[in-house]
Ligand SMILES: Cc1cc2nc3c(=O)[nH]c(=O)nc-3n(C[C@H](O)[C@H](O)[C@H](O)COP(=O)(O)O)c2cc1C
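Taking the form predicted alone, here's one chain by itself in structure tokens.
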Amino acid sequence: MGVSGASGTPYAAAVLRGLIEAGESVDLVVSRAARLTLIDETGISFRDAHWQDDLRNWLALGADGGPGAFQVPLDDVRYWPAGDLAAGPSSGSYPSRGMLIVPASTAGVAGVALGLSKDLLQRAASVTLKERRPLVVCVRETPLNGQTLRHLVTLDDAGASVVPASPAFYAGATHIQDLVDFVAGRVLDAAGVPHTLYRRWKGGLGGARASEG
């Protein structure tokens, strides 16, 4: 999983918690720009030497910034610095089921679409595409200009799934976290990872409520 510099660190935290709760092993890359966004949105500094403590503090936060809302184990998370282009995920021979980029900035989208590989996040995404593994890109930007739209079409043509960070309201959201979890759940859906982050639509009037039964 890669975290780029777009606003939306609560989305990344929710997806990470979902992956961990599903029993998935996670290779994590946090871009340089994402660290700055994380400080702005949470006040947490993400440091290479203390990544476990910083990640634990980040994942404990709810979308409203409340401390200690979540507690998840980090035993199956491996962190790779974004500048380490010799890291495992930089090679196609490194075992991986696929990659998620949450949130995906327009700069990150452009870098992957153009094959720039300027850091480990972009390189790992390029490897994912060339190895024909699932790549899910959760773009978080508005409005989208023509250039970014063309880059997203390029990624779609290459086999990636483009999942905009667009919350839905039919699932009975009552808190900000519910809206965040819906987007996170749709990202996990695209990756084929089971979860219970939101109520699924069952059809007809009150379709989302019916899914609770």
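Residue indices: 1-based, along the sequence shown. Computed from a prediction, not measured in an experiment: that's the story for all the values here.
Only in words, not in the display: the form predicted in complex with this ligand, which the text now covers.
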According to a 4.5 angstroms non-hydrogen atom cut-off, is Leu129 in contact with this ligand in the predicted bound form? no
May I ask you to check whether Lys118 falls inside a 4.5 Å heavy atom distance of this ligand in the predicted bound form? yes
With heavy atoms only and a cut-off of 4.5 Å, decide whether Asp40 touches this ligand in the predicted bound form. yes
Verify the contact flag for Pro89: yes if a non-hydrogen atom of it lies within 4.5 Å of a non-hydrogen atom of this ligand in the predicted bound form, no if not. no
Just one stretch in 46 to 54, 27 to 35, 162 to 170, 181 to 189 has heavy atoms within 4.5 Å of this ligand in the predicted bound form, so which one is it? 27 to 35
Any residue of 106 to 126 with a heavy atom within 4.5 Å of this ligand in the predicted bound form counts; write them all down in order. Thr106, Ala107, Gly108, Lys118, Asp119
